[in-house]
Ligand code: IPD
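A lone chain, given as structure tokens: the form predicted on its own.
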């Protein structure tokens, strides 16, 4: 087994690949979106660009780190060649596909590196704007050279909270019911449509907090590390790790009150 590289080395690889992948996404959208298909429902689009960008990312990782494994949104898990290294790359080629389809500037390439199951490096690159967030475990989170520290808001009633919704109508009904109960207790709600970017905005304090049900590992692996390294608590309900049941990201002062309300309103329940 090859020695595991340091998080900074893994981050450098992720950043290089994410920037090139973001350029491909931008170019393909400029040339025209083709081969629109669907995943779970007719409103959950996946484009040729998703697939092309993921193939590019996986191909680049294969050249640089051929023995590592990869988990991608479009093509699932892929094993490394030869002996394992303990490194697994978690890739969302275009997070915010509907935004991408409509030309809204909120879609990103997200790449995280996990060692023995623990994410140690991650980058989220907004392909529309060029904004980029990075983090290494224990090394902090950054955007444009500025270390991120999250929001200083301490009262939930003053918090701007980000969230997202699934594409299944039954799940949306449940999420809407949760939101209807939460909305009077916060400053306001924002829904931007890209979980990785939502987490990064919470990390920099553009959002005070964020929660969502139904996220997959590629949705929150890199963005979750950015938020965590900015000092936010990133978790599920009742001490559970963040996962498909629920992801909450908030500064410590906001996490407990937001968590308790989401638990009371059954945010992790429903379909």
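Residue numbers count along the first chain shown, from 1. Bear in mind the structure is a predicted one, so any value in this text is a computation, not a measurement.
A second form of this protein, the form predicted in complex with D-MYO-inositol-1-phosphate (IPD), is not displayed here; the remarks below concern that form.
S.K.: With a cut-off of 4.5 Å between heavy atoms, is residue 94 one of the residues that contacts D-MYO-inositol-1-phosphate (IPD) in the model of the complex?
M.R.: Although D-MYO-inositol-1-phosphate (IPD) is absent here, residue 94 would touch it in the model of the complex, with heavy atoms inside 4.5 Å.
S.K.: Quick one: does residue 193 come within 4.5 Å of D-MYO-inositol-1-phosphate (IPD) in the model of the complex, counting heavy atoms only?
M.R.: It does: once D-MYO-inositol-1-phosphate (IPD) is placed as it appears in the model of the complex, residue 193 has a heavy atom within 4.5 Å of it.
S.K.: Though only this chain appears here, would residue 73 touch D-MYO-inositol-1-phosphate (IPD) in the model of the complex if you measure heavy atom gaps against 4.5 Å?
M.R.: Contact with D-MYO-inositol-1-phosphate (IPD), yes.
S.K.: Even though D-MYO-inositol-1-phosphate (IPD) is not shown here, does residue 215 get within 4.5 Å of it in the model of the complex, heavy atoms only?
M.R.: The answer is yes: residue 215 has a heavy atom within 4.5 Å of D-MYO-inositol-1-phosphate (IPD).
S.K.: Heavy atoms within 4.5 Å of D-MYO-inositol-1-phosphate (IPD) in the model of the complex: which stretch among 111-119, 163-171, 143-151, 182-190?
M.R.: Checking each option against the 4.5 Å cut-off leaves 163-171.
S.K.: Give me the residue from 229, 208, 68, 219 that has a heavy atom within 4.5 Å of D-MYO-inositol-1-phosphate (IPD) in the model of the complex.
M.R.: By the 4.5 Å heavy-atom cutoff, the listed residue in contact is 219.
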